[in-house]
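Single chain ahead, by itself, as structure tokens, in the form predicted alone.
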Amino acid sequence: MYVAVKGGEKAIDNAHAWLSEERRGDLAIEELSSDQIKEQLSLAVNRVMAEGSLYDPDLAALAIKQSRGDLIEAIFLLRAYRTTLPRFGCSNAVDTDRMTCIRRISATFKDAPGGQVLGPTFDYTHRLLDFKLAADGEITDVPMATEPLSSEIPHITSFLNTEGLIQQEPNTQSEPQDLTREPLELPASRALRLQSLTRGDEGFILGMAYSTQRGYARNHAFVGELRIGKVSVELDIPELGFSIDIGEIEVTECETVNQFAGSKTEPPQFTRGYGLVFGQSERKSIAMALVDRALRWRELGEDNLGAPAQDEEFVLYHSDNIQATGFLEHIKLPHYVDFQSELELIRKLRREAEGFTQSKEAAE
């Protein structure tokens, strides 16, 4: 299909060298280190880890540096590296009730048991450029932050459970399908859908979530709880007969509370949407919870209103930015033969059209 070009390898090597020069930039300016990216661009690092399906801040920071800040390219690099890693097993489900929270808020209960902690958030900033940062000025008049909440904090939805006002979620310990190693099949289980949404492009998931709020899916939601913090990861060791703590990760968890009119088997009650994302990723986790709830229409016996966010195939197949990037950018590659056939077809059609016009004029 493609035409071989002499000297192509040399041209590619030169392109790589030029790319390295552009990445480095002005040599008179100190080079940006991976540690600086990890510590000072942590939200970008969190996104790369989440959509790259690999929790490793150091590697995510390196990928951002290598990709010149192109986060989708960085995600691609991290996923490619992930494929080289062995898989040791499946960890136990993390217990977010025991999360060491740095932020924990609820939009449904003012006096939430356990308290509300604003934590590090942009919510109350004025969105004004801080020119002190441009001048490398240090902000010294900021009060000391409070300590994280380390005691066991039950979820807000558990208090609705006491009155039976919210749908009970099944508690399963079975090992879910691994989307990073097995292709997506439809219809997908909820566990598989949540995996796909976690890996999905933040902008795409945000757009789908926004569409539900504007009426495409009739999905009015409240943020029952949003919490950010560190949770322990445990792994069962068959030789030992018990699980061990292998480390901790930072995650953002969101549970939305949604209306539900009931069905033939279920009384009117609230239902949930759920989002869990690596790092501090509030926008992504809330959007994920909204889309998760929209995709649950079939299992809840609701009507499909034809909304994009309710279309499982549309959402899950188009949310992966790496798949989308690969298919989109492949059209930059040579398509000489394809185009020549299209060109000949257009020429043929034009000749036929001109011949028809000339025949018509001669007949008149």
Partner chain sequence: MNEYNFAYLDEQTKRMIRRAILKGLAIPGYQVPFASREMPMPYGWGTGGVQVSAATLTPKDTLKVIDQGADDTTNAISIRKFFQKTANVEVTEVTKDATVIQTRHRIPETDLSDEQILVYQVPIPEPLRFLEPSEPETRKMHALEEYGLMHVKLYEDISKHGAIATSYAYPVKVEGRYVMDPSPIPKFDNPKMEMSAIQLFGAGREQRIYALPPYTKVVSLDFEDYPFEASKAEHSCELCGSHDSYLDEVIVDDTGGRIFVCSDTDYCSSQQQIIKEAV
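These figures come from a predicted structure and were not determined experimentally. Whichever C-alpha set is largest while still superposing within 1.5 Å between the two forms counts as the rigid core. Residue numbers count along the first chain shown, from 1.
We do not show the form predicted in complex with the partner chain, though everything after this point is about it.
For a residue to qualify, one of its non-hydrogen atoms must sit within 4.5 Å of the partner chain in the predicted bound form; all three of 327, 333 and 337 qualify. The listed set 213, 232, 269, 180 contains one residue whose heavy atoms approach the partner chain in the predicted bound form to within 4.5 Å, identified as 180. This chain appears without its partner; in the predicted bound form, the one residue of 323, 67, 34, 42 with a heavy atom within 4.5 Å of the partner chain is 323. Contact with the partner chain in the predicted bound form, judged as any non-hydrogen atom within 4.5 angstroms, is confined among 240 to 248, 205 to 213, 78 to 86, 220 to 228 to 78 to 86. Using a 4.5 angstroms limit between non-hydrogen atoms, residue 348 touches the partner chain in the predicted bound form.
At a distance threshold of 4.5 angstroms between non-hydrogen atoms, residue 12 is in contact with the partner chain in the predicted bound form. Contact annotation for residue 341: at least one heavy atom lies within 4.5 Å of the partner chain in the predicted bound form. In the predicted bound form, the partner chain lies within 4.5 Å of some heavy atom of residue 199. For residue 344, the Cα coordinates differ by 2 angstroms or more between the shown form and the other one after the core has been superposed.
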